[in-house]
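A single chain comes next, written as structure tokens; it is the form predicted alone.
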Amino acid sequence: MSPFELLERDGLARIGRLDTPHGPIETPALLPVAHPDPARQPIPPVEMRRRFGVHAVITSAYITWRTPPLRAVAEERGIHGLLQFDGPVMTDSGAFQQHAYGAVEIGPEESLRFQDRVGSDIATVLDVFTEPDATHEEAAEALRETRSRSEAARRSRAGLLAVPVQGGAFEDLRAESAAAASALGDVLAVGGVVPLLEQYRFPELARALAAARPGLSPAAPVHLFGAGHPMTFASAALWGVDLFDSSAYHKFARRGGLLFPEGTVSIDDLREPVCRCALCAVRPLTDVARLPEADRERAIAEHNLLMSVEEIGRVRQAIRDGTLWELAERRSVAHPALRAGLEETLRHPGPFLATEPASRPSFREILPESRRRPAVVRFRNALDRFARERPLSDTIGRVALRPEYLGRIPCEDRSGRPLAWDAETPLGPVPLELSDLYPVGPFLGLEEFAHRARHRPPSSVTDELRGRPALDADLDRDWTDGWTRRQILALLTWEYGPDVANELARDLVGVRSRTSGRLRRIRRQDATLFHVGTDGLARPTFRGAGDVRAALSEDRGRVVVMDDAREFVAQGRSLFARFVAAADPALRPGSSALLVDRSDELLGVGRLVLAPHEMRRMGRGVAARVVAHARAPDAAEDADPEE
């Protein structure tokens, strides 16, 4: 069973748990480099844990091996005894030293045997470091050797193994390496990128991740070697990077460099106490600058480590809040190279779409590039499909889907011909009846404040329509009921297609919130069949799911539950990945799915945590959380439709 479990997510980014012999690692996590020689380590690992909340570190097995006094202690007391650290320890193999010095004295077999002997929690294959400027032939040869070494390492090691993903600057080799590493590794370590990070070649890093990401197994955490500057964490996490490591906190301290999420500042240039973190509130950086050299280096390293740990915490919180894209965009303005990396990321939406959530609580515009996020790409793609059978539409200013607005917009002309209306939105024209959907409904951007009010007054809507000479419709009639029926049909079409929507929508009525006027429930007689959330999506109750199941073909909208978990799901327990027999590949994380047994009996309605392709590969963790089930009526289905 995989040692990795996905707990929460925001697209590719994940809150996860990696189990190791010395305890779990919550991801995304920073593994600071701990030098095996205590005399060269400014912050003892035990202090990293006690003072800074660091739960895992990485150290160099190669430096330990080649230094006889360190090697003796490690072989006698283990790598944890050498570092005096009781948490998880990952060991690097010497590939970085190979990059830095051109060669290492140890072979891949001895490297792995040594890591085993000293009790590494996560051992790393000694791969062939591929320089970014290597030719395709050189990169391919290095990749063949790395793969051979990885296969041998897997055969000989029972414990956790980090398998590097190489391939240089070549998309085909990165993809090949990702697939091969996924078949072997417990941790998938994207390597050969330190020069890109050091030289701020972030667009090239984005291309390397775009090539590797589709082939990386979702069942293993992804490690990005050398990513230790806090300004890079958010953008890397977008690609699903779970583990970061670097000695940046110390390397920058040696030359007086202060790390911040917004970039690097030289301590010698400071004249003001610009930081008020827990450390700097006690001793301002302007005072640190005047300390003796050794004390100054340690104090700066502590500051840098604290900044890095805090930024990892912000990344985790952003994943939980569904705001990681916003955080990454804010960080990208710190440096033009980061902005260029974000621009390159947006040129590769494909790897994101399979795990892009059905909705998020909000959509806040940070940059002009915000309108090209994968959420918008997916929405526009779905809108194209929705609009294929829709009549030609006219455009109206963005208005709320509330009775006092909708009542003034005609649904048909005087001859009975349906009229279609597109609302002007910051993300382009959107059918009026769909303009509450994420990302349009919760969109908050510059135009909301700088150019026009978000909702036009009712009188201006009528005035605008009366000014259209080609419009022959009854503008004095209240059209609210017609728009409610049209919105119901549109939302069901969005989820299930026009044929199923037409069948489901018969005799349905909508209930709007008394406070906001938004559609909140869809009912038939005395039964609520769908709730409409703040994301605008119509989500089925258990009764509604029964109607959906009858209308949909058996390969759509479903997650099939194995017999062993049938009763648990029917009682409202979460569905775990190992009990999924099949799933509709069109479903996405956050989607509402029909949970059925092998005979297609409805057991419950689930909110997906994993994408269907992940369910097949994850050995553990929740695939779907049950929100309605067969053993109990739908909770609060008759509650007042308030926000």
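When you see a residue number, it is the position in the sequence shown, counting from 1. Predicted model, so just to flag it, every value in this text is computed and none were measured.
Below, we refer to the form predicted together with guanine (GUN), which is not included among the displayed structures.
A.B. asks: Using a 4.5 Å cut on heavy atoms, which of 374, 185, 191, 540 is close to guanine (GUN) in the predicted complex?
C.D. replies: If I apply the 4.5 Å criterion carefully, the residue I get is 191.
A.B. asks: From the list 483, 239, 202, 129, which entry has a heavy atom within 4.5 Å of guanine (GUN) in the predicted complex?
C.D. replies: Here the answer is residue option 129.
A.B. asks: Just to confirm, residue 95 within 4.5 Å of guanine (GUN) in the predicted complex by heavy atoms?
C.D. replies: Output for residue 95 is yes: heavy atoms within 4.5 Å of guanine (GUN).
A.B. asks: Answer for residue 166 alone: is it within 4.5 Å of guanine (GUN) in the predicted complex, judged on heavy atom distances?
C.D. replies: The answer is yes: residue 166 has a heavy atom within 4.5 Å of guanine (GUN).
A.B. asks: Considering only heavy atoms, tell me if residue 124 and guanine (GUN) come within 4.5 Å of each other in the predicted complex.
C.D. replies: Yes, contact at 4.5 Å.
A.B. asks: Using heavy atoms and a 4.5 Å limit, would one call residue 325 a contact residue for guanine (GUN) in the predicted complex?
C.D. replies: Residue-level check for residue 325: no, no contact with guanine (GUN).
A.B. asks: Only one of these stretches, 191 to 199, 509 to 517, 148 to 156, 314 to 322, has heavy atoms within 4.5 Å of guanine (GUN) in the predicted complex; which one is it?
C.D. replies: Checking each option against the 4.5 Å cut-off leaves 191 to 199.
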